[in-house]
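Single chain ahead, written as structure tokens, the form predicted on its own.
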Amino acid sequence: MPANRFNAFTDYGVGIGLRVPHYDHILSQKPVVDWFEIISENYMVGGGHALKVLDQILDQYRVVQHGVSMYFGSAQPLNREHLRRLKELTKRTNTPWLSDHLCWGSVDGRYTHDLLPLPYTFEAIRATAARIREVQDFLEIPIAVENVSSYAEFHESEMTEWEFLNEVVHAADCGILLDVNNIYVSSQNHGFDPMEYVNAVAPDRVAQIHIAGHSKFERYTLDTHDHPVLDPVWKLYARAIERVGPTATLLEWDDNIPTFDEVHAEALKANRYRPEGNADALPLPMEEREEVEA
């Protein structure tokens, strides 16, 4: 089940994001890493240092592309020039699948550079699925859409977020990038059971999983990606892996970035919960084992 048509039948393990502070370490030390995720927009350029580094990475590692500006839920037409450059990059990286967010973020050509939640309506399903299909047909590789963390809801919504996600990916015939940290963050902000969300997602469409750290404030929880994964997110990840199998997993760490070894060690903790295991992963403490089993 984890190797499916939505991730091009690949069998990737645990990866981390390719980030500038780690370039020199990776190129000089050549650490053993299952795969790297890159932010597509950082490399959609005609040349320069970033592309030079990427080509060196591609010589040694598997890479998967992740986007932050497709805005599948926006009402304006797709940017054809953006798609053209994106397709050029997919050919360069040979990414097996490409992911971006189930959100909107642009109006009349103006970009908010934020991942804004959609109203969970049947009209939004039809419009969003049509855009995903158009992108997937143009790029000629599988697309996986990611659930976003949210801090506001729409009165117009006609269903839950997980129902909306399932309906969109069915209508678009695409995959899911299941971000369990985003599920937890949104559940704290909106008062739903995050485990109900994980249990409801169509397991046969999950192409990839994201894990990350978040920050809890007095009135809201924020998706910060600036420290290790917290216990409730690991519990959701454990349940997700139980349902979907050992799916390609990516640790996001995008602010206050520590050393490469620290980030990689945090990512490898995911192997505690994956059926095939990994000798590099830390053993699961007995109290955590009991909580997961419960």
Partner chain sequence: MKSTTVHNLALAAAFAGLLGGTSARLNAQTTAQNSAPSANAGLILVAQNQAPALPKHSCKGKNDCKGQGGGDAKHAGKNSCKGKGACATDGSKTPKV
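Please read all numbers here as calculations on a predicted model, not as lab measurements. Residue numbers count along the first chain shown, from 1.
Another form, the form predicted in complex with the partner chain, is not on view; read the next lines as being about it.
Participant: How about residue 224: is it within 4.5 Å of the partner chain in the model of the complex, going by heavy atoms?
Facilitator: So residue 224 counts as contacting the partner chain.
Participant: With a 4.5 Å heavy atom cut-off, would you call residue 55 a contact of the partner chain in the model of the complex?
Facilitator: No - in the model of the complex, heavy atoms of residue 55 and the partner chain never come within 4.5 Å of each other.
Participant: Although the partner chain is absent from this view, report whether residue 39 comes within 4.5 Å of it in the model of the complex, heavy atoms only.
Facilitator: Contact with the partner chain, yes.
Participant: Taking the partner chain as it sits in the model of the complex, is residue 266 in contact with it (heavy atom to heavy atom, 4.5 Å or less)?
Facilitator: Answer no; every heavy atom of residue 266 is more than 4.5 Å from the partner chain in the model of the complex.
Participant: For the stretch 190 to 221, I need every residue with any heavy atom inside 4.5 Å of the partner chain in the model of the complex, listed N to C.
Facilitator: Stretch hits, in order: 217, 218, 219, 220.
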